[in-house]
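Take a look at this single chain in structure tokens; it is the form predicted on its own.
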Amino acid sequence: MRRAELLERYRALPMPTTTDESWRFTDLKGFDPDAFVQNGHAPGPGPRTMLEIDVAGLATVDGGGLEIERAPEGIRFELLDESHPQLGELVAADEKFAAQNAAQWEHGLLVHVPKGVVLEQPLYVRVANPPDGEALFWRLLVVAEPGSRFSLIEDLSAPDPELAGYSNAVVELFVGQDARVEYVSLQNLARETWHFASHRARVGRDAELDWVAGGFGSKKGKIRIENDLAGQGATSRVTGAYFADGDQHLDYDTLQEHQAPNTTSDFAFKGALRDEATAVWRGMIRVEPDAQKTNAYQENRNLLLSPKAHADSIPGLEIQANDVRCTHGATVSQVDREQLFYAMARGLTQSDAERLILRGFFQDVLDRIELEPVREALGEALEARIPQG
């Protein structure tokens, strides 16, 4: 579909409101996506990265464009061409923000790893926060051919925590037969920046996708994380960790779509909230009629560190097969005052005690992360959100 047609589709789609079930807890009142300068071309100071790591490929995206700083031999790590046949195959332009991205993206990266290629070091993409009053539309297309093995890190960060921009991202992941992909998406945008993202993966026969999502920044928006278990024996594991404070609002919408038999999915999201921050997690396990022997699990746990923080956790199941194992769990709880008292009675300040409790709360999800620098960076980012006492 041509850009002009996509733009018309975007304009025809209504802005989501709280009367829409999937937006019931995320009010976009006061936000106008057309009020921002589209794809501003003035280069900013660049992203502030969350971790230091040796990489095989490096790309940087900011208002000035996309720069490939290092590309490994034997794979395609290059600018994305809008004529690519798989572009838009997973994320359709049938939702307001995905349609706007399809119509207006300019900064896109293609990662195509050929059959049987194994990369020992990860690929790394740094995406800068849009400047004040500007929008950045970012697109990532990943194709892992059969038998390939690699890790990819997408790091959205802000050099200035007070920037008020608009970030809109779409990521499509194709994981071929017997391939293994580790995809890490870290979001640490500025506190006044709106962020909307649609991520969708298709996992083929006997393939594995290990997905890590970290959420720390942004003002408000919604992040969609969707997995299609499309091939027999496909496996998807998604690990999420988030922390919001002040008046931040984080919204995660996840889907585990089991389309083939003998597929496995494992989603585990944990979040902590301070001050008057709010969070929403809505998860769905959907099992199609032919997806017998499905094994699916989802959980969301929230830790409230102040009385005005609030979280909504909404798990869901849609099962159309009769030989499956699907389970879910969701909790929202305050800090255990007895634990806090016990730690402080042994000489810890309240902030150090909260930091210790926080580390314990997140430890099981951190243990699921295979890349050690990512695991350490997330742990440090979580603990850093507790102010020094």
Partner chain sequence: MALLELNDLRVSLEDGTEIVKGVDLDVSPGEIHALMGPNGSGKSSLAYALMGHPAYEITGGEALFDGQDVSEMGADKRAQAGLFLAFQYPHAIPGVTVTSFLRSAINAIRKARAGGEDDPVPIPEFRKELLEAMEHLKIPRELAQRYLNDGFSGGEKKRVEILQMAMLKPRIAVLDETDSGLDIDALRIVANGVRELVGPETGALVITHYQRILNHIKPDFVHVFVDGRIVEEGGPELAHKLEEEGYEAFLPEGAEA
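Remember, it's a predicted structure, so these values are computed and weren't measured experimentally. Positions refer to the first chain, counted from 1.
What comes next is about the form predicted in complex with the partner chain, which is not displayed.
N322, T327, T349, Q334: which sits within 4.5 Å of the partner chain in the predicted complex by any heavy atom?
-> None of the others qualify; the residue that does is T349.
Find the only residue in M344, L28, V55, I68 having a heavy atom within 4.5 Å of the partner chain in the predicted complex.
-> By the 4.5 Å criterion, the partner-contacting residue is M344.
Give a yes or no for E338: in the predicted complex, does one of its heavy atoms lie within 4.5 Å of a heavy atom belonging to the partner chain?
-> Answer yes; at least one heavy atom of E338 falls within 4.5 Å of the partner chain in the predicted complex.
Heavy atom of I357 within 4.5 Å of the partner chain in the predicted complex | Looking in the predicted complex, residue contacts with the partner chain include I357, since a heavy atom lies within 4.5 Å.
Non-hydrogen atom contact F361 with the partner chain in the predicted complex at 4.5 angstroms | F361: contacts the partner chain in the predicted complex.
Though only this chain appears here, would E372 touch the partner chain in the predicted complex if you measure heavy atom gaps against 4.5 Å?
-> Close contact is absent here: in the predicted complex, E372 is far from the partner chain, nothing within 4.5 Å, heavy atoms only.
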